[in-house]
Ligand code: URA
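Have a look below at one chain only, the form predicted on its own, in structure tokens format.
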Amino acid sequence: MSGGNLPPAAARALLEWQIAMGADEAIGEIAVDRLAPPPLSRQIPPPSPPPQVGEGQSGYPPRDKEGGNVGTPNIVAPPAALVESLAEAAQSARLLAAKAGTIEALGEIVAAFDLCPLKRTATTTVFMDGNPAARIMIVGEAPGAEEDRQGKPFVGRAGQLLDRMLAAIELDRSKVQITNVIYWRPPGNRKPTSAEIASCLPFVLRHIALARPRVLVLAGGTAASALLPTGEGITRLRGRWFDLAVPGLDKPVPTLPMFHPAFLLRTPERKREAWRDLLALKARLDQPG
């Protein structure tokens, strides 16, 4: 049923529901087919084949009955298809990111970067929040409506839940730094495309290198798929420790994927698993060194 056939009250109720679901922007008169393949000039090269493992090995650290790792985690690197993207935006981002000598300078470069198409529909650039000197770094997915208005990551309902999760293990924003793999809000809060992630990933990797975090937390499936070279979803990745090799760092960063707080708001029954992950994070932070 089209909106033109609805009574005014019903049409208004439908519009309010669409806004509540995040469809609060019109960016063109013609609908975009998100399932259509991108033009050949913008396609990202296919990912490199996964490394071969011996018979009886999975390529991942063994896990105990609670889902935690046993022994030393694998050393992994971000997916080559994203890191080595030949797209103009990604190439430019790599050159610009390499010039940043501080997190503040990187933030200025990101704010001036115009080659990610999401910037044209966003209100503000959402770079980071928290303490730039903190050794705990949280990487989320993309800004939402409230983040787009305030220019800070994780300030909406999901951000409020994140604050409570941090407080449960005696942390707050003065002890962490928070960013996303995308700096501009996708219209309607849609999932960012691979090309959009590739255009921002050089900045994210440079941010990690400049921050030199003791621990990296990947909040949600988009962040995990951007930085971990696996084909598995966040439900299987969460709770596993990985050693992430980041250009510019002399040793890998211990990295823990977790559920995104927005996912936990939609599926509160998964908070038990998130609590186990928080305890694993706290145990790692309590270790000396």
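Bear in mind the structure is a predicted one, so any value in this text is a computation, not a measurement. When you see a residue number, it is the position in the sequence shown, counting from 1.
This next part talks about the form predicted together with uracil (URA), which is not shown.
**Student:** Go through 80 to 88, 141 to 149, 198 to 206, 93 to 101 and give me the stretch that gets within 4.5 Å of uracil (URA) in the predicted bound form, heavy atoms only.
**Tutor:** Stretch 141 to 149 is the one.
**Student:** Is there any non-hydrogen atom of H260 lying within 4.5 Å of uracil (URA) in the predicted bound form?
**Tutor:** H260 belongs to the contact set for uracil (URA).
**Student:** Given that the partner is absent here, does P153 sit within 4.5 Å of uracil (URA) in the predicted bound form, heavy atoms only?
**Tutor:** Because a heavy atom of P153 falls inside 4.5 Å of uracil (URA) in the predicted bound form, the answer is yes.
**Student:** Across 168 to 188, which residues bring a heavy atom to within 4.5 Å of uracil (URA) in the predicted bound form?
**Tutor:** If the 4.5 Å heavy-atom criterion is applied to uracil (URA) in the predicted bound form, 168 to 188 yields only N180.
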